[in-house]
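Considered here are two forms of the same protein chain, supplied as structure tokens in two stand-alone entries, structure 1 and structure 2.
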Structure 1
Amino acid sequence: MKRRSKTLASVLMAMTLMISACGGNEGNNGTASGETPNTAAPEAKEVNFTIGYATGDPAGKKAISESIKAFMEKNPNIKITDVSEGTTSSYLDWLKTMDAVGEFPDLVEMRDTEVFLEADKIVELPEEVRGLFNTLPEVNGKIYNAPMVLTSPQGIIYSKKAYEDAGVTELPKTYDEFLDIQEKLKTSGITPIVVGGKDIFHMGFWLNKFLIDQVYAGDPDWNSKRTAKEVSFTDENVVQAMKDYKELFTKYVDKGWLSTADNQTASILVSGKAAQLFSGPWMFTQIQEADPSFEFGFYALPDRNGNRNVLGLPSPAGWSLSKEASTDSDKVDAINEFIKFFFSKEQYSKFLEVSNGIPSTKEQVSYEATEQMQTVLDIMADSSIKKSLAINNWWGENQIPPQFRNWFYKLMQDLVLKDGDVAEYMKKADTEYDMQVKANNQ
């Protein structure tokens, strides 16, 4: 009986509530009596920021643009304007032009950190996102970059069919063996090497290979010594490096290299017009898209002593926040959210897979590596392979004058085209380097 009374009381109470909900039109808060007041959170504030990054690699450009699109779909209140443009000039020159016209990106892929730090265009990386990464190189004791990937090694991307047709059964153990392979390829009737010399940055692939082998592998501080005039471009090791470069371009590189763009090299390789390309893993996707059935391999090119030296040291590069954007707290918050999204496990793995990048994050991010990419990862994990940097990627005391890289690359193009004397051209390099150092110090 007691239980029945309790149940009945509950029913009566419910009915009373229903009646009170139906009675009366207005409550004290202006809503219909019994209605739940509108306590929904206000709509998220709309925020806009611009983003800029290098577009020389189509696969990488696609991967970043897809990340931007996915982020905006998830965060409709944040609009990201992509101001990146394809250009045959250097990325450094493009950024300087954007700065000159007042359109420097809010979030920018930074490759020349010290140049834009000295120009007061970027600020320290927000503390909020620093914990995402294992290694954060410092400039003057401060951190300015969220590294998109670790430095990738470059090497020989080769057609397996071309090697087989030329009778090449083993990969070279020394640079001289590599030259022997070039002769076999020529004899078989195929152009040994394609180069995208129309894009000035592409010239650095081969030039830095020889500089690393002959110079930086033995002396990582060579740049600072050159600035102090303790070493010279006319020194025997540098001259030999450029002699090797000139010989290779004269004998084995496709004659149309100066009018060939970097993004044309993949199609030239898969079409069978050339047997090899010296580049990095970002090209793997382009090659596979050009011809999914094309069979190719990748290896680190040894020096004359059989040592393998590759790009691979960390450097201050990656996403950086502009000084102007840093004054807007809403932009900073939105940019931090994008950076965290970009490097989130699910999203970052997609970027790495498309771009064949080496992850920089503290959290382990894996993706299905191709045969060629696994070779790259093995190279990076091999402690017997010396890791280095390109001439313009060093920083601190080893930073070169910012305009020297492109000037030097163009000088080396001229060396080949005019069949110049290497020693004389290296004298020109010394003169220009000293002049730029002096100009920067004024």
Structure 2
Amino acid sequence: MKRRSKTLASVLMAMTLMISACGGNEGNNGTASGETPNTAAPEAKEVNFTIGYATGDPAGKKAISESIKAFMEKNPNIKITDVSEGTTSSYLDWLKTMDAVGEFPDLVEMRDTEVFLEADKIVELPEEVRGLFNTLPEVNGKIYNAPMVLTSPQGIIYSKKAYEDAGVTELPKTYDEFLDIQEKLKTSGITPIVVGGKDIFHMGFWLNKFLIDQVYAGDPDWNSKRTAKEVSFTDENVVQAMKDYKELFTKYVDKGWLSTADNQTASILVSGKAAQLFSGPWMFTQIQEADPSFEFGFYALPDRNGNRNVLGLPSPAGWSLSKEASTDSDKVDAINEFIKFFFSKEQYSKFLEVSNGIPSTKEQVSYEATEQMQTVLDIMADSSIKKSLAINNWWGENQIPPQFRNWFYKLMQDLVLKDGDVAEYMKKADTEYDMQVKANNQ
């Protein structure tokens, strides 16, 4: 068996993913070259600022902390205090705690932009660094984030051996063909799909796949229409999406899916207990580390009509400047320098390589990509593949009540467990959604 899928040294185009529904950034005065000017002039003023980011991905954390270290070596007058910590399971909880104790980071990786914007904690992204990026998502017509990566598409990560053993010679062109493959895998004696349903976010992988196919691909403004009660969860397309989900989970998913954590899915896949996992490129490293000899592939799962729709639109997330830091011009300058340094070709490529990320910068960034990662990049570059977002990643008018996502995912677990009637469960979703909208408007 091949020890590792052939590594392709690919020059990654800084893809001009000018995606509709996202605010572009045409006018900027910033330096777009990514080259960081050396500010370590002897007379340079001493500046300190704090930085906070999510540490859930150890490789990503290491890459960021090395970037910080390299920046400080290059700019001895700027001291960055990394206040990130890895013991809190919820990044949002950690940020709230930091805010509560008056230690909200000056430069912060923002994932819940609208929440912290409403709380008046962050300010607009400085004009100076906007030019680094192709597209910058807007909130209420303004830009608040320097996107660290673009949203990664999710798809089927499959064991080549399992497909071969089941006699699958061709990847599916429609969702029905995909279901045929599940039958073949089942007949061959392997569990077709592993799901890490113990972690509620993992539920979103599949649920959003069906929602995107049936709902968001056709109507990106569905959420705002739902808030205005113009559409309903009981509509035929949503019900069909959840029927597909229920059918798949009832027939083809590993029996232990609800006690399997996301980080156990790679082990189950490489151990041969299951043939496929629906996830994103961040799993590639985990899978390779679990078994370097494991051969796997990746593809975007088509819908019933053969269209392929994936996550991939930018969403308002990335480095943001705190309001407090914005009042100190020296700090702002130092932070701008760091952002430029972070997204510079040399530094950014290291970060992307370890996190299997998709570059968000205008400048072409190259790094070694594996065969699977190349497929991901091809998907992102393929304009025939529609890009969308998960239910909770839309913004502006399309933002759902923040608490609805987890509730809905749990409801969908309940649907499968209790073999419930999809239409009835969708009525519950409508009721809860309206209640949460009302509660949030109070």
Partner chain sequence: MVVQQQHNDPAKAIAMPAVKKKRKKWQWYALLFILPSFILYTLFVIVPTLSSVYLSFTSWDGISTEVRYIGLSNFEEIIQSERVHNALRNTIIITVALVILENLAALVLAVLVDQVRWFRNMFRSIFYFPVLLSGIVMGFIWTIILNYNFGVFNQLLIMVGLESWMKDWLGDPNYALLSIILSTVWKSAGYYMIIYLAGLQSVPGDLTEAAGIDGANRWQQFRHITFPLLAGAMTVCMVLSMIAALKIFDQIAVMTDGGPGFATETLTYIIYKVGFGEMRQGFGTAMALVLFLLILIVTIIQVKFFRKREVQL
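Here the structure is a predicted model, which means the values were calculated and not measured. Each residue is numbered by where it sits in the sequence of structure 1, with counting from 1. Between two forms, the rigid core is the largest collection of C-alphas that superpose within 1.5 Å.
- request: Name the structure that matches the description of the form predicted alone.
  value: Answer is structure 1, the other one does not fit.
message: For M98, does the CA position differ by 2 Å or more between structures 1 and 2 when the superposition is done on the rigid core?
response: Yes.
query: With both forms fit on the core, has L207 moved 2 Å or more by CA between structures 1 and 2?
result: No, the C-alpha moves less than 2 Å.
message: With both forms fitted on the core, check whether the Cα of S320 differs by 2 Å or more between structures 1 and 2.
response: Yes, shifts by 2 Å or more.
message: After superposing on the rigid core, how much does the Cα of R130 shift between structures 1 and 2, in Å?
response: Core-aligned C-alpha shift comes out at 3.8 Å.
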